[in-house]
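First, one chain by itself in structure tokens, the form predicted alone.
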């Protein structure tokens, strides 16, 4: 049988939000593009992360909101959760978007090969397809976009049957009575919010001093207080010492920084203690491409140590967010095809879809204080007309600026719809806007994003709706 050889200008390993965007951009620039994906198009984000969790978050939010409708004159006789239908709705959203990605790739004439890709040499990939057949892809330029997977922790019992990944938790046939979450980062707190709102008893265990440890500290402190008020158990500065399956539940042994040990039980445990790069099975060592701290090193143009091979997204470490991977995919492909561009990481937004929502862009207060003389100002949503009108007045906007010229260095938000407001905040950071420019930009009333204008008014010394 003749060997199946596919020739292309550009080959991409991985069809997640970095890989498929890179493929489309390559096709737009006139390249013949081959995309290799062993699972579903859209990667972890679309199939097991960003999209399904947001679908369930909306279900949980609407379910929880039923309890507050009476104060608006809406009487609800009773409420009942159909978990199977909630999962079906989640799956419908995922299926729709996966199909949309496939359609976009087809319209851009990207050839998609389903299978596992690995390097034969620096210009050749071997793709073992799901039907057992093999293809060799020869390309002058290759982009590695293989993403990441949940990271394990060296704890006894961590491989127990009741210790789940986010993928498994998203597909439980029935809601658990209780859930312990190891990790208080974005994934952990979002799942905590979802399952608490659906009536599950939730505990969150975080090794570092705050929830959301990579974000501005005020955000994590606020969320911990909010969770505790809601009845979510929060243990920070706490390590998991061991897990033990006791039949119908998991026994969790924890120890805090003061040495105090506790033991409690939960029906299931979610492991959300970070992610690690997917590099296994690529044969990187075989082509002389070495890892650094478990990730693929790249230069400012996202090219690896081997000319013509690029890497993007979670597999290079850095900021492990879908929208960062998408931007890096565009940057890498443009460089691979003759341009010279760099990714600008100064204004990367981070969004946490709890209730209330959390968002952040730019430097935290601690980061900014290391390099600038700074000013910090806050504006509470309690003083925002729209927030009060819709009874979502919890939270605040925190603005970090450079003191002398008023340049906006970072904006950190917790409150209603802040994952949408952070777009304007990100533009302000990217454009090196000043607090005066933000304050004097007329914002529509009544809107949540007036809070950005109001905090800028405070920064220029003329607060209007807050003392």
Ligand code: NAI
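The model shown is predicted, which means the values in this text are computed figures rather than measured ones. Residue numbers count along the first chain shown, from 1.
The same protein also has a form predicted in complex with the ligand, omitted here; what follows describes it.
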With a 4.5 Å heavy atom cut-off to the ligand in the predicted bound form, the contacting stretch among 198-206, 257-265, 363-371, 302-310 is 198-206
- Query: Is residue 190 close enough to touch the ligand in the predicted bound form, meaning at least one heavy atom pair within 4.5 Å?
  - Reply: yes
Discussion item. Can you work out whether residue 352 and the ligand are in contact in the predicted bound form, taking contact to mean some heavy atom pair no more than 4.5 Å apart?
Written reply: yes
Open item on the list: At 4.5 Å between heavy atoms, is residue 376 in contact with the ligand in the predicted bound form?
Closed with: no
Query raised in the report: Going by a heavy atom distance of 4.5 Å, is residue 275 a contact of the ligand in the predicted bound form?
Result: yes
In this chain shown alone, the residue from 112, 287, 393, 239 with a heavy atom within 4.5 Å of the ligand in the predicted bound form is 239
Checking 184, 329, 147, 117 against the ligand in the predicted bound form, the residue with a non-hydrogen atom inside 4.5 angstroms turns out to be 184
